[in-house]
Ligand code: ADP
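Form predicted alone, single chain, as C-alpha cells, below.
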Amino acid sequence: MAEVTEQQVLDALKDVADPDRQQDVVSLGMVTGLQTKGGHVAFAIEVDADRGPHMEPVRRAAEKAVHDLPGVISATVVLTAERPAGGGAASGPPPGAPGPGPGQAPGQAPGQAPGQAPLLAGVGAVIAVASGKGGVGKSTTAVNLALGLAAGGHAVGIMDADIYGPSIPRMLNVKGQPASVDGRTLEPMENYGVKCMSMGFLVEEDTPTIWRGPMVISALEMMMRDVNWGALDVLVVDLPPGTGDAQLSMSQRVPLAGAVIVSTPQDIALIDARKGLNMFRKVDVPVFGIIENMSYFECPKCGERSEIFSHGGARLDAERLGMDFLGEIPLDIAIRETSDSGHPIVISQPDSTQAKAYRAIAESVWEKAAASIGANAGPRIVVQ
C-alpha cells in the first residue's frame, strides 16, 4: 500500500470546517506543522486562544478524517494557539488551555476535565534532565542515567522532549516508527529494556522541525497523553537546552519528582546552569543536584590527567547554591563513540569506570525520586 502524502491529508481536511468561520480548516490556513512518515500523520490546528477550549470537536473530526485515509496507521492532531497580541509572557497554562482549578488531581493536565485519566498516570516518578545551554552532554547523560536506573532493576522510560534536535533514537539504536493498535495511541519503542518516545521517530532524521512554541508544547503533551507508557517506576525526560516553553510546559503539565542539571565545569556553562536551577526553583520543582560532565580527561596511553574545561566548578556551585553534587563524568572518547553508535557505555562497557560513575549517579537519583513519589502535588507557577 502506497504511503499517504501530505496532499492527500490536506484534501481530506478540506471536509473539516470551522463552525464559527464557515470555511474548511485548510482554506483558513489553520493546519500547521504537517508531518507524515511511515503511515503516521501528525499536525496542529491553530486556533485563537479564546476559542481553544471549544474546538475539541473540530480536532476530533480532523483526526477521524485523516485516520480514515488508506495507508494511515495513526493520526495525531493537537490544538495550538498563539498568545494574544501584546499579551507578554503567559502566567499560566499555554494559550487555549484553562488554568488548573481547585481540587485538580496530581498529574491532571490544566484544562483536563474531571474524571479523565491524568497524564502519565502509570509513572511513579518523572525526572527532568536539563541544562542551561547546549553542548554539555545532556542527552548522553540522560540516556546513560536511564540505562543506569534500568540496571538497578527499575522499569524505565525516556521521553525525548528536544523537539528540534531529537537524539534519543540514535543513542538507543532504535529505528522504525511506533505502532498503534487503535490509530490514536502510540506504543513506545524499546531497546536495552528501556521504553522511549521521540519526535525523531515521526520525522526524517535530516528534516528540520519548523514549529513555533505553542506547537512544541502540543507535541510534548501528545507524547505524554497519546503514548501507552504503561507502568513505569521512572520516566526520564531529556529536555532541550535553556529555560523556554518546553521546560515550563513540563513543569505545568505533570508533577515532576525532580530535575537533574548537567553542566561542564567552566564558568560560562555554570552561569547558564544556574539559570536552569533557578527556573526549577521558581516553579517549585525539586532539584536533585548537578552533574559535572566532561570533568577531566585522562590520556588512555600515558594516563596523564588534563582538566580541559577546568574542574570542580559544578561541585563548588552546588555547595554555594545549597544543592547536592551528584558526581562527575570524565571527557572520554569511549562515551562519545558508544553514544554515536547506539550502544551507550552503561550497556556496552558495564565494568568501565565511566559506566560505574553513571550507575552511581542513577542510584543517588533513584533514592531522591523514591522519596518524592507522592509528595509532589504539582508545581505552583510563579512568573516575575
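We number the residues from 1 along the sequence you see. Model, not experiment: these values are computed from the prediction.
The same protein has a further form, the form predicted in complex with the ligand, not shown here; the description that follows concerns it.
The stretch among 251-259, 151-159, 191-199, 132-140 whose residues place heavy atoms within 4.5 Å of the ligand in the predicted complex is 132-140. Contact annotation for residue 37: none of its heavy atoms lies within 4.5 Å of the ligand in the predicted complex. The shortest heavy atom separation between residue 329 and the ligand in the predicted complex is within 4.5 Å. For residue 54, no non-hydrogen atom is located within 4.5 Å of the ligand in the predicted complex, even though that partner is not displayed. Among heavy atoms of residue 340, some come within 4.5 Å of the ligand in the predicted complex. Residue in contact with the ligand in the predicted complex (any heavy atom within 4.5 Å), chosen from 346, 44, 41, 335: 335. Distance criterion of 4.5 Å from any heavy atom to the ligand in the predicted complex singles out 171 from the list 220, 171, 277, 234.
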